[in-house]
Each structure stands twice: as C-alpha cells, then as structure tokens.
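Next up: the same protein chain in two forms, each one alone, written as structure tokens (structure 1, then structure 2).
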Structure 1
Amino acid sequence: MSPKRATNTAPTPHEVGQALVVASRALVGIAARSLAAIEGELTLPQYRALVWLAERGPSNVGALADAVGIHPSTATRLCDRLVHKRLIRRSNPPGDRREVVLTLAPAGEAIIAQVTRMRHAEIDRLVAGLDATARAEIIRALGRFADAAGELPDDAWQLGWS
C-alpha cells in the first residue's frame, strides 16, 4: 500500500492510483456508514431511486427504471412502496396522459439530505485534524482529480451511490 519510490521523482500514474485506491477505501467506507444509518427503512434500490430523483428532478417511471438499471415493471412496484412510505409522489402531468411524473416528497428530500449531511460531517471531522498546508493541498489535488473524473461518461450513478 505504501509504494516505495524516490521522493524527488515524479510519481507514476500507477503510484498515484495506489494513493487513490487507499483514499477510495476511506471515502467509500464513509459513504457506506452514512447509508447504513438509514438501512432497514430503505433498501438499496429504493435509495438509488431517491438519489436519482434528487439529482435529476422529477421524472417518469421509464427514465427512472433506466437510470437505476431495473425493469420497468420492477420500477412500478418500487415506486408503489416509495409512494406508500410518502417518500415520492406520483402525479399525472398535463400533456401526455400516459406518463406518470415522479417527484421527491419532502420526506424523501429529508432522507437524502440526512445521508449527505452525515457524510459531510464525518469527512469534516477528519479534515479538522489536518493543518492548513495539508488542507490547501487536498483542495488543489482533489479538484484536479474531480475534473478528470468528470470528463468520463457519467454512468457513476449506475448503482445509485451519491
């Protein structure tokens, strides 16, 4: 995990990858914990659906099924449960009367916000232990990485992790 290299040479892509894989474990662990807090009330597909609605806004059933990667019929029944839990709302929009528009209900938004807040809080707790130099470095470094990551086809939502 700790690549031994001459500190005066530029790190190879693979070495940087090593560092990112390690950080990935930490960050994914944090994400997992934030999610574990709502486990029991919400299944993973249900959470994925909420995240997607929070990101992309109101949507019809087909688009959601496509985004979450499930069969339309599965999406219908998944929405049944989310509606029953009052986390989303179904409505019949004007225009195309075949469509059903799914909207995140206040309770649904609250859950998403809670998970995000927990994640943020935990990360902030870690960052608080770093000095100013380290903080500045992280900001610059991760900014560049996020930019690079952002250039990829955005199917990172495949599993609904935010």
Structure 2
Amino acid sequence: MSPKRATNTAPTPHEVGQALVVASRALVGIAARSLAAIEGELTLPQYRALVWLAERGPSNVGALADAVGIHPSTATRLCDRLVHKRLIRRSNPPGDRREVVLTLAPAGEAIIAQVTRMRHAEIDRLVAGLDATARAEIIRALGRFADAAGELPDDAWQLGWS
C-alpha cells in the first residue's frame, strides 16, 4: 500500500525519495521474476552486460567493465562466458588487431527481448488497475525522473524493439 500524505503541501525531496524506494521494491520484484525465467543461463552481471551492449551498441571490454562496475579482467572473463554461450561476439576492427569490439549476438538480443516482454506484461497487468489520470501522472513523473537520471527510453536503444 502506498503511503498517504497528511497535508496538501508539496512533498519534500525525502518524501519523494521514500515513495520511489517503495515503488522500486515492486519493480525489483518484477525484474527478479523476469530474470528467474532465464535462471541458470545467465548471472545478473552477464545480463547487465547484454543490456548495456543493447543500449549502447558495439563497445570494448574496458567501457563495458566501467559500465557494469567490474574490474576489466573480470569483464574479460564475463565476455569469455558470453561468447561461449553465443550471446555476444568479439571482433577486431579492420587494421587494428589489438582492439577488440564486443557486439550483441542474435541470441543475446532474444534473451533481452524475452525478459523485457515478461517485465512489460507484469507491469501492464498492474497498471491496468489504475485510472487514466493516474497513468498519465506516472508517465510524466517517471519520464522526468528518468531524464534526471540520464536513462535512455526503450525506443532510443540500439536494437529499437517495441
């Protein structure tokens, strides 16, 4: 149940933060359930690496390590596993055998699409219970929040699926 405000004054940043933390617990639960469907196939860091490549496109191991928050040697091992699973590809740009470029393979795209579909289905089910005004307010508020956080909307990803 969401917290109720006692007054009609503007909420403080802390109150907004509290509401977002509560909502984030619900979203984390949805994310966990969608990832459970691929349990055993990928670790969370591996999935995060796939998502980052989907969002940003071809990359090198160092940039991926920074984005996922792991050491470059750990990222190299993570990529070894993803290449072995045929979820990403490694290649060398023409004329530069030292640089390695990582790209998402079709099987990696399929996993991200599957998890995303599952998340959307559960969220759609929950949002269907809200009236039109509440849905519009959520879109505006979360859009502003995502902008402030520097997040890309789904339609801005490299893959561009809907």
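Each residue is numbered by where it sits in the sequence of structure 1, with counting from 1. Between two forms, the rigid core is the largest collection of C-alphas that superpose within 1.5 Å. The structure presented is a predicted model; accordingly, all values stated were derived computationally and were not measured.
Asker: Form predicted in complex with the DNA, is that 1 or 2?
Answerer: Between the two, the form predicted in complex with the DNA is shown as structure 1, not structure 2.
Asker: Tell me, please, whether between structures 1 and 2 the C-alpha of Arg135 is shifted by 2 Å or more, with the rigid core used for superposition.
Answerer: After core superposition, the C-alpha of Arg135 moves 2 Å or more between structures 1 and 2.
Asker: Please check if Arg125 moves between structures 1 and 2, taking a CA shift of 2 Å or more relative to the superposed core as movement.
Answerer: It does shift by 2 Å or more.
Asker: Using the rigid core as the frame, report the C-alpha movement of Ala19 between structures 1 and 2, one decimal, in Å.
Answerer: Reported C-alpha shift between structures 1 and 2: 4.7 Å at Ala19.
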